[in-house]
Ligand SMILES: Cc1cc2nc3c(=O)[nH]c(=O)nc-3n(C[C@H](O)[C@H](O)[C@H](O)COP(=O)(O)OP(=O)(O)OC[C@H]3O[C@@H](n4cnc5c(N)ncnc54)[C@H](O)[C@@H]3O)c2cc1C
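The chain that follows stands alone, in the form predicted on its own, written as structure tokens.
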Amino acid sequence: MSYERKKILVLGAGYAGLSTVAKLQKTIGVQEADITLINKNEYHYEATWLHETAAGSMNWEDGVYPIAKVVDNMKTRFIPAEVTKINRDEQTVETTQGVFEFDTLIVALGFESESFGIKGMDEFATTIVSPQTAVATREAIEKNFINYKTSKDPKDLSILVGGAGFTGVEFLGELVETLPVLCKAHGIDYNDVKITCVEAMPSMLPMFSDELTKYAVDFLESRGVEFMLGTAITAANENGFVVKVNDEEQRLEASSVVWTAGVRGSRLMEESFEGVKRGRIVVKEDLTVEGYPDIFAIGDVAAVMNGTGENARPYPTTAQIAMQLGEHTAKNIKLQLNGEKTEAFAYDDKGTVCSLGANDGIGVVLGREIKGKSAAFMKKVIDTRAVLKIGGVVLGATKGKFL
């Protein structure tokens, strides 16, 4: 009797997709399944490092590595292609490199920028959602600073950052380190630089205590960042932001405008499944899509619920949880291949660290609050661990942050 190997198809090589593949390769035999990984780029990028590229403290090449370094050619076929359509009932996926069939599908298509319908934001602001957009952000800032030498227009030394969330704060932390260097290179007085961060919520970084948040705010304000909290951005244009302060419209002018306040899951999700909100679908406890036990959704395209009933809230989409989702998905696929029951996902929250440049930060690790140099060190540990877990010792040594 002939035994046909199962076709396992993984869409996306971010933290979730690549973690799934790395774990599958270790647990599934060559005779059990054919694994195919599809990703539009031939490299994986460390999304949690993009703010460093955007601020100019890291070359984009240092934050990426070839997917081929993770793929075991004996077990996994890697196809560089863009996914254009998911046919869930026909069990096929259409791409720019042809149509692929699947018995088991893992959708890990990642995130993209979300401007929440703010007029002009997509057109006039740069974002930090890929190596390309991060480089564009940095190049725009440098171009405006160079332009200032002839224009003498204060707008060219003004930077507006929309959003004081995780990405926004980490970006600001890098900026206050790199901009003085940029100023020195071009004979500009750093005191003439104006950095303004606008946040619609009355407070920032809600995942941290008031004490840690105050530490981050004091750190950034002492280096020239001005925060406008509880201030809604109503539009963006060629001159900067239009904001609402006490029901009155106000214009903030800057040549460099950066939007960091919103991401959503891949837009392909709305086209492929019902009940999708902002590119995210609520998954079952075992991470499968309701009604489709052979389709898993993980990472930024999944809403993995914390709790049940009315009090249930989706976990935030972080690299930490994405990697755990990938590993758990691989475990459940192995169980399915063995004819066993899948298991519910349980998130193991090891903590969160927000960097403030290379040598400072705030965080909570294993229930303990940390700040300053110890937080910066822990951030490097977390970043290096992510590369190690997915790519192994060699990649950890070459791409980790302890060289």
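None of these values were measured; they are calculated from a predicted model. In case it trips you up, residue 1 is the first one in the sequence shown, and so on.
Just so it is clear, the following notes concern the form predicted in complex with the ligand, a form of the same protein that is not shown.
In the predicted bound form, the ligand lies farther than 4.5 Å from every heavy atom of Val21.
Not displayed here, the ligand is kept clear of Thr36 by more than 4.5 Å at the level of heavy atoms in the predicted bound form. The ligand in the predicted bound form is not approached by Phe273, whose heavy atoms all lie more than 4.5 angstroms from it.
The ligand in the predicted bound form comes within 4.5 Å of no heavy atom belonging to Ala164. For the three marked residues, Ala108, Glu170 and Leu268, a heavy atom of each sits within 4.5 Å of the ligand in the predicted bound form. Listed residues Lys371, Lys334, Lys69, Lys40 were compared with the ligand in the predicted bound form; Lys40 is the one with a heavy atom within 4.5 Å. For the options Val243, Val176, Ala216, Ala322, the one in contact with the ligand in the predicted bound form, meaning a heavy atom within 4.5 Å, is Ala322. From the list 152 to 160, 115 to 123, 313 to 321, 243 to 251, the contact stretch for the ligand in the predicted bound form under a 4.5 Å heavy atom rule is 313 to 321. Contacts to the ligand in the predicted bound form (heavy atom within 4.5 Å) from stretch 46 to 69: Ala47, Thr48, Leu50, His51.
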